[in-house]
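Just the one chain here, laid out as structure tokens, in the form predicted alone.
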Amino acid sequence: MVINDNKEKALSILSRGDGKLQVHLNSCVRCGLCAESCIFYLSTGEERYIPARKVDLVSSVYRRYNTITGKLVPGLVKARELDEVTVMEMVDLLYGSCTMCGRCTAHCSVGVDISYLVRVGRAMLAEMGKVPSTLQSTVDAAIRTGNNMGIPVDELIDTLEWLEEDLQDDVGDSSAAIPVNKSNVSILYTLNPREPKFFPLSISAMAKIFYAAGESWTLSTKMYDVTNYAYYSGNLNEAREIARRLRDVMYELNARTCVLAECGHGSRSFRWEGPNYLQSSYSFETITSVELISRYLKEGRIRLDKSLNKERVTLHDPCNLVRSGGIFEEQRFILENAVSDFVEMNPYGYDNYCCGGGGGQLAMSEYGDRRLKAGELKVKQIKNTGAIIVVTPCHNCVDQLMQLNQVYKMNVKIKTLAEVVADALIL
């Protein structure tokens, strides 16, 4: 038997008086329609990756400890002990073969929220200290240093200073700035820590857009990380702490709007899950940079010349931004104004295939081969468009697409939405 002293805490997650949880645990009719929605099953054909199997894994533990039949004759209802074998299978399937993209949920014939149940299973594993160490180390870095890359404040400031100098040269204005820790501004802008570390041009692009729009904005060196990998690990307390820090910086700087950088899960975890974590609503507006850029265009605060982007462009829709966040029209409106040749993937939008990088997959190197295999569907989609540039408003997706580009030799360019917009700006 397992496990450790936290087994009862894990089981208590299944026994809480949560009507939503009980409904979804008991609603799967095993029709199999979810199989054709899952990139892990479609790319491998392995039945253990079918989403319904993941649901049944969590449900079988629920039946063992929360139903009379499961307690008395567990074999009759295929109820399972929460022992080491079950836990190992849960880790492999719930962490290692799921991005929580929600495509299976959208295709479920009875509306079972499969990704929600995967999160419940992950929360159980988190209680038992069974989060994959690679994913947990990313969360630990965010808790310890304020960002998931562990970037020191002086290193961030150095990066922002030379980016500011480049911005001034680019726009021909020595007053152009990347403000830091400025209070009483309209916008507090966040970053994915991979931007200052590996993709500084993404910061430059957004700074140029803010300059063109004449925006009052700032970054915070205290808390700028848009990501919240505890949303993926399942640790509610750590997810709450990360969300609290960003909320508190908003209040400290007296900013009116929190603009979330191009990060699918970051947008979801702070905008939609954050108030649940903190058990209180925000007193400020929270929007994504995608929505902000669209707003700038509609209000005439920025102007674009689409002829400056002549190469064929396709769009990868991040799952948390589109399927789970409802942001669909904005990025298309932007691209229609920013590029000369835009073509959709098939399928796209709410039915788009996950790229394979979400769910914490990029942080879990032990599942790297499986992740890249699951990305084959996305590779085929991209190649079928004939696009030269793939745009995606999510850095997790950017990283995964760049790896797919290298492994499968797609010979395309991967860009964020802000980078494409900055290339088309009329100053």
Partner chain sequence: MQWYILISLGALAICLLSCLYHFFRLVRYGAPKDFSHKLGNTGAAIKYSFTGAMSPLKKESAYLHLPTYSAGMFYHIGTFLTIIVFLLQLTVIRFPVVLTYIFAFILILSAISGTGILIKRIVVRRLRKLSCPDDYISNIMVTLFQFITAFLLTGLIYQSVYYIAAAILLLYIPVGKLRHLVYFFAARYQLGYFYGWRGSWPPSKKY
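In this text the structure is predicted, and so the values were computed from the model without any measurement. Positions refer to the first chain, counted from 1.
Note that the form predicted in complex with its partner chain isn't included here; everything after this is about it.
- Using a 4.5 angstroms heavy atom cutoff to its partner chain in the predicted bound form, none of W162, D169 and D341 count as contacting.
- Proximity of M88 to its partner chain in the predicted bound form falls outside the 4.5 Å heavy atom cutoff.
- Contact annotation: F199 falls outside 4.5 Å of its partner chain in the predicted bound form, judged by heavy atom distances.
- None of the heavy atoms of T392 is located within 4.5 Å of its partner chain in the predicted bound form.
- Heavy atoms of A207 never reach within 4.5 Å of its partner chain in the predicted bound form, leaving it off the interface.
- Note on contacts: among S186, T145, N276, S183, the single residue with a heavy atom within 4.5 Å of its partner chain in the predicted bound form is N276.
- A heavy atom within 4.5 Å of its partner chain in the predicted bound form is found for exactly one of K306, R271, R312, R245: R271.
- Screening 220 to 228, 149 to 157, 344 to 352, 91 to 99 for residues having heavy atoms within 4.5 Å of its partner chain in the predicted bound form returns a single hit, 344 to 352.
- Residues G102, R103, T105, A106, H107, C108, S109, V110, G111, D113 of 99 to 119 are found to place at least one heavy atom within 4.5 Å of its partner chain in the predicted bound form.
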